[in-house]
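Single chain ahead, by itself, as structure tokens, in the form predicted alone.
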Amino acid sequence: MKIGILSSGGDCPGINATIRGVGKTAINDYGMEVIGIQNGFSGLLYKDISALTESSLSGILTMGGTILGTAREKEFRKILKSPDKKDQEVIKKSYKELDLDCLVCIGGNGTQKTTWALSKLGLNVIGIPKTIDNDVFGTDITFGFSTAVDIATEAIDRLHSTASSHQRVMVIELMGHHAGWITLYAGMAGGADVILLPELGYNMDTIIEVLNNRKKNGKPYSIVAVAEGIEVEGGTDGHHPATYFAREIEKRTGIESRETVLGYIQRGGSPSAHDRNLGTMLGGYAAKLIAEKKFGRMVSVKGQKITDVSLEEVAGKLRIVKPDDPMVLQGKRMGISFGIK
């Protein structure tokens, strides 16, 4: 069999470990031919490919980013959604000219939705979930999340000393447009006093009351962790949510407040040991699905087990933090505020 591998969407620690997991398993265990498709789905259209061999897959396990390059595929999706079926035939033609038996698509929510659309076109595809946000539906965890949480937690750890020394409120903004998993897990691991998530919203009076009470009780500094996707009352006027919260907190409590926006640092660099191993396992399972000709599936994690789900079940859905998530409930039991009553 001949398979192609591509990565799409944002970069993420662990993509190369996953490419290696797919490729080395396919080559060594199943005797498959493997090609890498450059720069996401556009590489499929333009047949921008390179051979992936034992040699080329060596030495990439620890590398951040992706050796295949990546892109957000707006133009490709336009073709997929085109009412003119001739446009879609271009995609099928490219797939056939590459003589592929299956295409492995590594990416987040948008990628999995696109992969399902390709499946509906009749292409043999397998999806592998990738995102630091951990918001892909149908899996308990995605690779990249562990690394991002480690980085964010270290940042919060470092803010404690500055907050304590200057008796300030430090507001740190972490990634997560629609889902607050990074903020929840890093906030809990880093000992944040207030954790603000897009899924739960917030009440500013509640936040102010918590911070004022901490000061009255001899705790003159606080850490506030906020997800970038939280909707701010009245908008942010082009500023980051962290800027808004730091400004409002200082104005209403009189406590000196500062913001930190961690940004793309969370997505870059070498993956954690956990993400290297997770990517390796997901990649190996994808090769197994291909060998068994079980197409139209996404590899997933359920509990401690690597398994798979239908791409149809996954496409267009998000995995978000629920109010009754065990981590949220435990935080509340310990007195951590989530900005709501």
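If you're wondering where the values come from, they're calculated on a predicted model, not measured in any experiment. All residue numbers refer to positions in the sequence shown, first residue = 1.
What comes next is about the form predicted together with a small molecule, which is not displayed.
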Considering E199, E228, E259, D193, which brings a non-hydrogen atom within 4.5 Å of the small molecule in the model of the complex?
-> E228
Tell me, which of R252, K92, H177, H239 has a heavy atom within 4.5 angstroms of the small molecule in the model of the complex?
-> H177
Heavy atoms, 4.5 Å, the small molecule in the model of the complex: which of 150 to 158, 168 to 176, 230 to 238, 204 to 212 makes the cut? Say which one.
-> 168 to 176
Although the small molecule is absent from this view, report whether K120 comes within 4.5 Å of it in the model of the complex, heavy atoms only.
-> no
Would you check, heavy atoms only and a 4.5 Å threshold, whether T183 touches the small molecule in the model of the complex?
-> no
Would V136 sit within 4.5 Å of the small molecule in the model of the complex, counting heavy atoms only?
-> no
Does the 4.5 Å heavy atom contact test between T115 and the small molecule in the model of the complex come out positive?
-> no
